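In structure tokens, one chain follows: the form predicted on its own.
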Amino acid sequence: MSEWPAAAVDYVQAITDTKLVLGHRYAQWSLAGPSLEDDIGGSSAAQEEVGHVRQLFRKLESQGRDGDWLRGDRDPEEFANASCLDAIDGDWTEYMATIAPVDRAAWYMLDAVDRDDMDGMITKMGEDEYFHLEYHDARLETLADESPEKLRSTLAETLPSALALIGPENLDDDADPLVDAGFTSQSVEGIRERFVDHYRDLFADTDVSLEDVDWDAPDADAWDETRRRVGGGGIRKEDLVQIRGERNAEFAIE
């Protein structure tokens, strides 16, 4: 396998870490949904994300990343997951308004990768993600009727976090190093437009206003291009213990 540019390794690392923590959040909430259908959906999504992460780990290991480090032998501040996944302490509405934008952002980023040696893997992941994203949108539309204010306030925080994962808007076709290297077929600017258009269309005919969302986030000067966020922070240590599988080693991702 040919060597990727360093920026490409960090890009895929951020997608992978986001999926790793996302799968963890799905599992945590798989018995907390308002219906059996929601619990089953969350459990299935968690299993699929674990499968995606395992495949992405192999790709990253082929690019020199240490397997033990990938699987959790690192500090919380070394994870490059979307910042809004660091903790979800609210109710079902806040949970859905957090995981939905992040799952979609990570998929759009992965879908932009243009590598022959990853095409089959990405296509299969896309089949799984189709159902994740359709489910999310249906639930968000329901919540827009049931809890519009809470949904609005949560999205005002989580949508900018998802945009930071994608990257700043100044990375257009001329400035995006991954487009220039041929690693992606769509610039960060293009991915952002696809993402923003989706959520504006989704909530256009609802009572959920997105006027408070900072659609220009992140500030390019404050953006951490390795962790794809603004500011520090990270997942909690108790989450890291579970991700590492320290209490149930036989269930750890290998």
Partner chain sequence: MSAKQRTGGASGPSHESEFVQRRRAGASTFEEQLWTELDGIPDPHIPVSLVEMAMVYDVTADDGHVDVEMSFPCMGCPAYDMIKNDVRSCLRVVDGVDSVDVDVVWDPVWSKDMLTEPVREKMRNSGISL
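Everything quoted here is computed from the prediction, not taken from an experiment. Residue numbers count along the first chain shown, from 1.
We do not show the form predicted in complex with the partner chain, though everything after this point is about it.
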Fill in the blank from the handout: Given 184 to 192, 47 to 55, 216 to 224, 203 to 211, the stretch touching the partner chain in the predicted bound form at heavy atoms within 4.5 Å is 47 to 55
Exercise for the section: Find the only residue in Ala112, Leu151, Val179, Met125 having a heavy atom within 4.5 Å of the partner chain in the predicted bound form. Expected result: Met125
Problem - Interface membership of Met121, the partner chain in the predicted bound form, 4.5 Å heavy atom rule - result: yes
